[in-house]
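So this one's two forms of a single chain, laid out as structure tokens and tagged structure 1 and structure 2.
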Structure 1
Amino acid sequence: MVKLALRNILRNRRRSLLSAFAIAVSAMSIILLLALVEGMEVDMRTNLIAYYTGEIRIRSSQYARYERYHPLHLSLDDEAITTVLERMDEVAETSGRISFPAALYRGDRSRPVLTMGFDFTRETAFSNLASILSEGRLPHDRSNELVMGAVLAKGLDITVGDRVTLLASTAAGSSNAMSFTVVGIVKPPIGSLSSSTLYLSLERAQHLLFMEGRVQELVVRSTGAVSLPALAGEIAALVAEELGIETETQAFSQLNEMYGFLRIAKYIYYVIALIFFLLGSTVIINTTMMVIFERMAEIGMMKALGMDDGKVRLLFLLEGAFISAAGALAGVLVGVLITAVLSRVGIDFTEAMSGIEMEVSSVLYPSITAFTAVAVYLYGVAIATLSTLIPTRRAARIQVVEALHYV
């Protein structure tokens, strides 16, 4: 049977090729689409973890409640908690941060900004600002220096070397202002960070805000051994037990709205995938129909010779299956290949991204997992094969007499 099917396919190479080609194109398209979405998800995850929340974020449990008021006094003991964290095997890196709103003054003009106090040494595992410095250098501890997002600097006409003054509400309930020298410009991949954020050394932020030794939040990177939400729970429990401190400790996926939204988008793309395959399948249907028409005589002959309907159907089904398998394989391979290339080069979306606030970079690198590739393959073969059933049902019902008419 199988041999018969294969022979039939090879007999009409052109036609088979066309059908296979249609399937291949569908498969390739799906791979590319999914790779793109996957790329976005990976990118967003990277950005969130680096610049916003780490893999796990620890805050005082009261902080969330009063978040509107930026209650800096609801802070955490950096050293105490870090010591506890370092003893945990699953914790790879930690970093303490303070983020606070401030007014940036230059003469009489002022403008609200978001300021982040980072320990740049510990941050190499997270935001690694050194890698996004476009000018100048990172601030030194104990020096009144800061770096600024590129878009913000441009908007305020500030260059490296300029002095600015920051006015902020402190953890002690007072206000405090300090002047800083801009020693560097950074270009975060995310537009909103570039347009509204400044970075100081954590030590300086603590000094400005009367928060010596304390931080607003701690971010954590794990070794990957345990699931992040589980690890978050462990950390919270351990800190509560050993230090008596109640925290709000969560994994990044639990913290960001957009990330969840992106996962929804993936589902939508799966639906699109289905439709693509259906489209490709119509070609097979057409081809198979024509084939049957052509081979009417042959079918009649086979039936006259005793082949039953089921076998006829099976034959055509096998033919369809082989074509689909070959086509889908080709398509998936080509798709994976293109993805591999693009994952090095990247697709530049800066044009489309301008004016859009999302924690996704402007240049995206598609990627695809082996699992997805295999899934797409099987999916494609299945759909395409099943779609051959429609014409073959007709074929099977052809009466011998009718068929012989075509001889």
Structure 2
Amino acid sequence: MVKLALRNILRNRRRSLLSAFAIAVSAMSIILLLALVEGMEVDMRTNLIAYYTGEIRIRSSQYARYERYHPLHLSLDDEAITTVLERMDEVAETSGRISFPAALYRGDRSRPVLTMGFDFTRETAFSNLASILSEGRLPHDRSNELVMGAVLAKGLDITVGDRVTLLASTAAGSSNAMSFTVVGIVKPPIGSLSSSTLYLSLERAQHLLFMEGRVQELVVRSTGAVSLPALAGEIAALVAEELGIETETQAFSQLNEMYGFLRIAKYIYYVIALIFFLLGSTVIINTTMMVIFERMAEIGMMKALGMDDGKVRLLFLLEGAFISAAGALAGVLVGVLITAVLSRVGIDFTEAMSGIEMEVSSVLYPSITAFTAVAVYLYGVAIATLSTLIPTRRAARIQVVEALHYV
């Protein structure tokens, strides 16, 4: 039966190629779509951990209620909480951070900015700003130095070595100003960070804001031994038990709705994949129906020679399966090849994402896993093959006397 099915496929090459091409286009489209979503998910996860929340973020339990005001008085004792976390085997790294709005002055020009106070030594496990430096170096502790985003620096015509002044509200509710030297320019992957953010040492931020020894939040990187939500719960319970402090401790996936939507989107795209493959399968159905009418005499002859309905159905099912397998394989391979190229050169969404506040890089790098590629292939073959059951039932019901009329 296999040899006969292959011979019939090769005998009608044009139709076979048309059917295979439809399945190939469907498979390729789904691979590229899933690669883009996978790339966005990986990119957002990386950015959230690096620049926003770490794998787990610890804040005062009251902070979320007043977050829009950047309540610096709702701070945490960096050293005390870090000491507790260092005793936990599941915690790999911790780092304290402060983020606050400020007014940046240079000469007679001013600009509202978001300022981040980082401990650059501890931050290497998270954001490692040294890797995105385009000019200069990182600030030193106890030195009035900062680095700023490339887009912000360009907009204000600031270069390495220039002096700027920051004016900010302190934790005590007063105002304080300090002058800083720009010692570096960074290019964060996220456009909004590049256009509005400054980075200075945590010690200098604490000095400016009258927050010595205090931080706004601590971020945590785990060893991966337990799930992040479970570890967040353990941390909150331990800090409350040992320090008597109620905190809001959550995993990054719990803090960002868009990340959750992206993960759900992957399952939605599998449904879309079903629709794509069903549309592609209509070509196989139509082609198989045409072949059945053209091969009436042949079907009648095979039945006259003793081939039962089941074998006739199997013959056409095998033909559909071979065409589907070849088409899906070609589509998956082309899709993976295109993804491999795009994963190196990236897709630039800078213009499309301008003005959009989203934790996704301006340049996305699609990615696909071997599991996803194999799943799409098997998915495509299964759906396209099963779709041939519709016309094969028609072939199996043909009577010998009816078929011999076409001789």
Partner chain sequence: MSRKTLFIITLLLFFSCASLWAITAEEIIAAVDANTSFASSHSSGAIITVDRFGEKKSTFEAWSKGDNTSLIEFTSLAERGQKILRTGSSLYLYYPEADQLIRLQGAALRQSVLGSDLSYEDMTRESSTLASYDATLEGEDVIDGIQCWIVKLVAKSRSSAYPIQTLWVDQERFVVRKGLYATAAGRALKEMEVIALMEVGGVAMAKESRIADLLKRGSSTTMRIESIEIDIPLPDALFSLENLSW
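The term rigid core refers to the most C-alpha atoms you can superpose between the two forms while keeping them within 1.5 Å. For residue numbers, the reference is structure 1: its sequence is counted from 1. All values reported here derive from a predicted model rather than from experimental measurement.
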Properly assigned, the form predicted together with its partner chain goes with structure 1
Would you tell me if Phe100 moves between the two structures by 2 Å or more at its C-alpha, with the rigid core held superposed? no
For Ala325, is the CA shift between the two structures at least 2 Å following rigid-core superposition? yes
Core fit, then Leu48 C-alpha moves 2 Å or more between the two structures: no
Rigid-core-superposed Cα shift at Tyr377 between the two structures, Å: 3.4
Any chance you could measure the C-alpha shift of Met28 between the two structures with the core superposed, in Å? 4.4
